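Given next, in C-alpha cells, is a single chain: the form predicted on its own.
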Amino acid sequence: MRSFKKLSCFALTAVISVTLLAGCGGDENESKQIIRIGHNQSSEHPTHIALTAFEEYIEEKLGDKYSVEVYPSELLGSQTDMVQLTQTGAINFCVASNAILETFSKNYEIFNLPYLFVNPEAYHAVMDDTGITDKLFKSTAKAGFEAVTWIDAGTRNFYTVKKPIERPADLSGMKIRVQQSPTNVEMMRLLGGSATPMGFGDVYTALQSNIIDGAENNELALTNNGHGDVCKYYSYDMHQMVPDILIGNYSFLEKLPQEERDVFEEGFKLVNKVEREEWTKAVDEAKERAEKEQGVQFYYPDVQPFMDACKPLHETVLSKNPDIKPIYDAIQEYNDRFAE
C-alpha cells in the first residue's frame, strides 16, 4: 500500500481506469456505474461507517444503476491525490481536509482559524446553517468539484512525545506536524512552535523516528492511527474545530437526473447524521483506550493564553481576505448565542 500511495495522480487514474474495465466482464454489474469514494481513515472510523451507510442507502434506492465502493486508509492515495482524482472524475467522491480545500478556495481558510468557535454547539450550528455554507461549498465548481456535506472531526489538540503542552511556551523549539495550509503554519509561529506540514499518512513514522516532536489532531488519531503508541501526552488546548468535507465530482453531480440527485442529496444528509452519532461514541471509546491501553495522559490547560497568542491571526486573515468577513460575522452571532 505504501508504494501505491506514492503513485502520481496520472498513474492512479490509470490504475482505477483499468480496474473499472476489469470489473465490466459480463455479470450484472456490467450495466451499473461504479461510484468510488476514497478517504484516509481506517475502516473502524466514524467517517467510514457513515460512508458505508451511504453505500447501502444508494444501492437500496438506485441499486439497478449504481454500485458504490468505499476505499478507506488512503487506498486511493493521499488526500491530495484523491482530491485531484475527484477533480478529473477518476473517482466520484472523497473526504478532504479543510486545509487542502483552502488551496482551491481562499474562503475555506475561515474554518482553519484557531479559536473561531466558542464551543462545539456553536460550531455545529454554523455548519448546519446552509445560509453560511452553501456559497462556500459551491465555490470550487470551476475546479471540478463541490462540497456535498460536512463531517465532524471534533476538536484539534496537541499531542507530544516527550512532554505535555500546558502553555504556549512549552511549544518553543518543538517541531509539530500541522495540516498543509498557510493558516496552520502561521498559527504555530504565533504559538512559538515550528510547523511541519505533511500528509496524515506520514505522521506515525515521523513521530516514531523523531522527525517531529508531536502533532495536533482529535483523540481518534491516538487509537485508530496508533499515534498514542508514541505520544503519551495529549493536551486539550482546543485550538481548532475544523470540519472534514465530502466533495463530489462536479460533472458527475450535474449530470444526475433530478430524481437521482434527490436520492444522492438524502444520502449526503445520512452521511452527516451517521458520522456525528458515531463520532460521539468513538471519542469516548478512544479516550478510554488511549488511557488504559496506550498509557496516554490527558491534560486540560488554561486555553486563554493560547487564544491570546492566536488572536492576531484573525485580524491578518480578515484583512487579506475581506470576502470572508460576512461569514466571520455570522459565526460570531452564533458564538454569542451559544456562549456559556
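Numbers for residues come from their place in the sequence shown, where the first is 1. A quick note: this is a predicted structure, and the numbers were derived from the prediction, not measured.
The next section is about a form of this same protein that is not shown, the form predicted together with a small molecule.
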Assert contact_stretch over 310-318, 287-295, 48-56, 35-43 against the small molecule in the predicted bound form, heavy atom within 4.5 Å, equals 35-43
Picking from Q79, T149, S235, Q240, the single residue whose non-hydrogen atoms come within 4.5 angstroms of the small molecule in the predicted bound form is Q79
The small molecule in the predicted bound form has a heavy atom of only one listed residue within 4.5 Å, and of V230, A90, L116, A153 that residue is A153
With a cut-off of 4.5 Å between heavy atoms, is D244 one of the residues that contacts the small molecule in the predicted bound form? yes
*asked:* At 4.5 Å between heavy atoms, is N218 in contact with the small molecule in the predicted bound form?
replied: yes
- Query: Given that the partner is absent here, does T140 sit within 4.5 Å of the small molecule in the predicted bound form, heavy atoms only?
  - Reply: no
> Would Y250 show up as a contact with the small molecule in the predicted bound form if we use heavy atoms at 4.5 Å?
Replying inline: no
(Q) Residues S97, Q179 and F200 are flagged as a possible site; in the predicted bound form, is every one of them within 4.5 Å of the small molecule by some non-hydrogen atom? (A) yes
